[in-house]
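Presented as structure tokens, the chain that follows is alone, the form predicted on its own.
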Amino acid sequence: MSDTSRLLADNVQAFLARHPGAACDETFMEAVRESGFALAMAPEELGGLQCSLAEAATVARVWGYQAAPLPIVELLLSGFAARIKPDLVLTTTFMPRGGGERLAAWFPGVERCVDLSGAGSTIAPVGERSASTTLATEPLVAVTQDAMAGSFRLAGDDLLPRGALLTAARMLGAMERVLELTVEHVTLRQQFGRPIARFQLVQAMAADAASEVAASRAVIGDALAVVDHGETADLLWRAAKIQAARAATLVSAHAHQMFGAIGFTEEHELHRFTTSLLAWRNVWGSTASIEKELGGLACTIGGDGLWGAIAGN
């Protein structure tokens, strides 16, 4: 982790500590804007920090670890999109919905949405706030097909890989917190006169969860480094998102098994992380679609070139 990443992590942690239990509202959004995190990836001439993707991922990771409100990935990418089109400050992503309507992640002040369903990215104005939320309880805004008439396309951007990697980093932060909560619980909780962490099955589940988190941390870090160096990372960013989704499934399931019924209660914080993790598996590219794309890339490269592509040779 670079010095800038450490500084960002410390500042974000301190900021969120000053706003415990904050809601996704205008007050919190104003505080976020004043902090500068929303423009972490924006160029300096637009008042941004011009952070690298790896540095911005530190913000997303801490955000996930703290289960903070607001769609931080979209906020960070709004700054990156501003490099492509300077007057585009606020962006978000579409999620399809039945009846010809699309839903997008919402935060106070959002004006436009980024549609990644086609080649490149299409920008469209947003409509009214939706009454529904994501599984992660994040607010949504409705964008109808009528709004698409006023859309325009961005050319030459790389929003999808960056969105997927920032989402994976956010998932990593949440998984790290789930792992901490679980280890603390099994260490303190006793059955038959001893901590349940002494039971072999509990130890095996904890080890599996820790292994998946470690694997996610490694592949996400590699993918971020490659993208920041301007190299092609078609295999790596997809592998990172897939691994984060796989880890999220196993970590969430094992955590709830070790916690038992208490982990599902409204009073305990575990479910806030695990529910969000399960939702984020299909944000910025569904697991199934990315796995299909990764398989297609592997077939295209062929057996002789696959290992070289994986190893970066």
Partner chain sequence: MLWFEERPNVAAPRPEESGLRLEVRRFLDGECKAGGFVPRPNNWVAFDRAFSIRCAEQGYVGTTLPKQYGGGGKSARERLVICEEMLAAGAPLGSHWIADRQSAPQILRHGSEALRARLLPEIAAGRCTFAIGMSEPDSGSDLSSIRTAARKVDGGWRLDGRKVWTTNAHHADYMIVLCRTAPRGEDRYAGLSQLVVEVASDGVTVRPIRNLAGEHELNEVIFEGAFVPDDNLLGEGGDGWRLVNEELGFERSGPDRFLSTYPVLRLLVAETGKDPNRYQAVAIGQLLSRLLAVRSLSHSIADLLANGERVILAATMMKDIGTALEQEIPQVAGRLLEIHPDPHGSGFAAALAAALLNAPSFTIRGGTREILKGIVARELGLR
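Positions refer to the first chain, counted from 1. If you're wondering where the values come from, they're calculated on a predicted model, not measured in any experiment.
Unshown form predicted together with the partner chain; subsequent notes refer to it.
Interface residue remark: residue 39 is not counted as part of the site for the partner chain in the predicted complex, having no heavy atom within 4.5 Å.
In the predicted complex, the partner chain lies farther than 4.5 Å from every heavy atom of residue 14.
Put simply, residue 24 is far from the partner chain in the predicted complex: not one heavy atom of it is within 4.5 Å. Residue contact with the partner chain in the predicted complex: residue 133 places no heavy atom within 4.5 Å of it.
Listed stretches are 124 to 132, 103 to 111, 71 to 79, 204 to 212; the contact stretch with the partner chain in the predicted complex is 204 to 212, by a heavy atom cutoff of 4.5 Å. Interface residue among 142, 159, 235, 181 relative to the partner chain in the predicted complex, by the heavy atom within 4.5 Å criterion: 235.
Just one of 46, 288, 262, 31 comes within 4.5 Å of the partner chain in the predicted complex, counting any heavy atom, and that one is 288. Applying a 4.5 Å heavy atom cutoff to the partner chain in the predicted complex picks out 288, 291, 292, 294, 295, 296, 298, 299, 300, 301, 302, 303, 304 from 285 to 304, in order along the sequence.
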